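Shown next as structure tokens: one chain only, the form predicted alone.
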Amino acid sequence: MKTQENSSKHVIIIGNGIAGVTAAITIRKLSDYCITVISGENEHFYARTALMYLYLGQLRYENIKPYEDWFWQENRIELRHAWVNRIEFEEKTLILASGETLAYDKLLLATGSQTAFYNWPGQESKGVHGFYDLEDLAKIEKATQRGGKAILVGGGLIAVELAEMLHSRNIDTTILIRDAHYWGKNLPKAEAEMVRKRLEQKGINLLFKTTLEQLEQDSEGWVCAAITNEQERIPCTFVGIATGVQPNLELVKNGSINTQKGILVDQFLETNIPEVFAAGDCAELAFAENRIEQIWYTGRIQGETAGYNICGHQVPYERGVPFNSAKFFDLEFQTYGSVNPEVNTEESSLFWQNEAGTASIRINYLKDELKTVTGFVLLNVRYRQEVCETWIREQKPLEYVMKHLKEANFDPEFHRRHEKSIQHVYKSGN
């Protein structure tokens, strides 16, 4: 139902990523407000998660734009390709880099995040780049045309995307990983070992318990070597920084908006300044243990929630059952609910792996009387999201899940089923 407030009210959204664009579309559905979306990076919204496929040549730029260019005018959403230099919160105005001043009634900060650099000596060298947006992609494309060898810093999903990209150009690649196994904060050791084997089969070199200390550059300013914490010197012509991202706070870091690691918001995604909201990668959830959620689907949910609240509907943010999906080259990865890489006192897990070490299923459950299921970790096995989320949300016991496991199987006509194998593991343990 559309709000009855004055249609002349102006909502400005800074940032045209998934959170900002979802908010704009939600506001248009709920109101007749004037809506302006401002982004200095790019005029149109695009899927950041698909950037890798531009480099691989599998998609073109127009293929990663979820909406046609006519969509915005048709829905009366003004797009401004401009940088915001300053926000005057008391006057409710923005000053653009061009000097133009824009007034707003309500403001959404959806400024996203940026690659986390950690002040390594030599990080300013040519050929040292993060991988977050189209500008990064263009720089990576130019730098890797030189060929040579690459170093990737960080053991997460961005590192694997970069490794696959570089592998497609036959560039020798080494990943420096701080933890003792791959993606140590998210993957249990058995699954991490499967990923390690797959990456090494693809020719990717992995150095565990290894961090970057500094970078060296040649006489022309290009990176030429990385020095590790073991003082090993590794020659390279490209360095990809994959140490995660951090909220982009440039616009608010010296202002009256309350921040810590991100922009602090309440359950309605409103900041300490009335009528100013924040959503997406830049928002820090003060009501939820100061969590910062830098995932595509949470950005979408936060954008929708912010849209409702900007229109006066008072909708608290609810993430729902956590999930994630990714690919490690051709190794598909899915998680639903609780994913603990280490054994703890409250949870246990049922784990199955095929003989070839190319597929696995892990079902996490509480150490209570019912063995209440809390999460799933899947490699090269697809389960239906709605089924897994329902089981977790309804706190189904492990016995129930095992009896109904076939209901979760995704498209059994095209994907091999493993219910009998994991049910055998379950019965053997009981």
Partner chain sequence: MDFSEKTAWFSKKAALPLVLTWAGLLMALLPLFLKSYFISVLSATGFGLFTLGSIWYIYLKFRNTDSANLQHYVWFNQFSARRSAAWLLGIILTAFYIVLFWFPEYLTGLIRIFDPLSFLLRGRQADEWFLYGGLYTLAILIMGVRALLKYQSSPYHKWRTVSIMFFQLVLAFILPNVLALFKEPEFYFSYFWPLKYDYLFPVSFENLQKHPGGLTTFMLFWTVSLSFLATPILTYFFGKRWYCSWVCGCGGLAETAGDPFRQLSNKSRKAWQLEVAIIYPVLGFITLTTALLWLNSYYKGGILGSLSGGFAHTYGFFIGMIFSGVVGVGFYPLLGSRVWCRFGCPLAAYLGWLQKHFSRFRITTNGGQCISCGNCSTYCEMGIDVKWYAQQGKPIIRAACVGCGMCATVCPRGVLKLENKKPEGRYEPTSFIHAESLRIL
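Residue numbers count along the first chain shown, from 1. All of these numbers come straight from a predicted model, not from anything done at the bench.
Below: the form predicted together with the partner chain, not depicted.
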Using heavy atoms only and a 4.5 Å cut-off, decide whether all three of R60, E68 and K327 touch the partner chain in the model of the complex.
yes
Taking 4.5 angstroms as the heavy atom distance cut-off, pick the stretch from 396-404, 358-366, 33-41, 379-387 that is near the partner chain in the model of the complex.
379-387
According to a 4.5 angstroms non-hydrogen atom cut-off, is F89 in contact with the partner chain in the model of the complex?
no
Using the partner position in the model of the complex, report whether Q145 sits within 4.5 Å of the partner chain, counting heavy atoms only.
yes
Is R417 close enough to touch the partner chain in the model of the complex, meaning at least one heavy atom pair within 4.5 Å?
yes
Is F277 one of the residues lying within 4.5 Å of the partner chain in the model of the complex, judged by heavy atom distances?
no
Though the partner chain is not shown, can you say which of K139, K126, H167, K189 has a heavy atom within 4.5 Å of it in the model of the complex?
H167
L206, I171, L96, I273: which sits within 4.5 Å of the partner chain in the model of the complex by any heavy atom?
I171
Which residues from 329-350 come close to the partner chain in the model of the complex, meaning a heavy atom within 4.5 Å?
F329, D330, E332, Q334, Y336
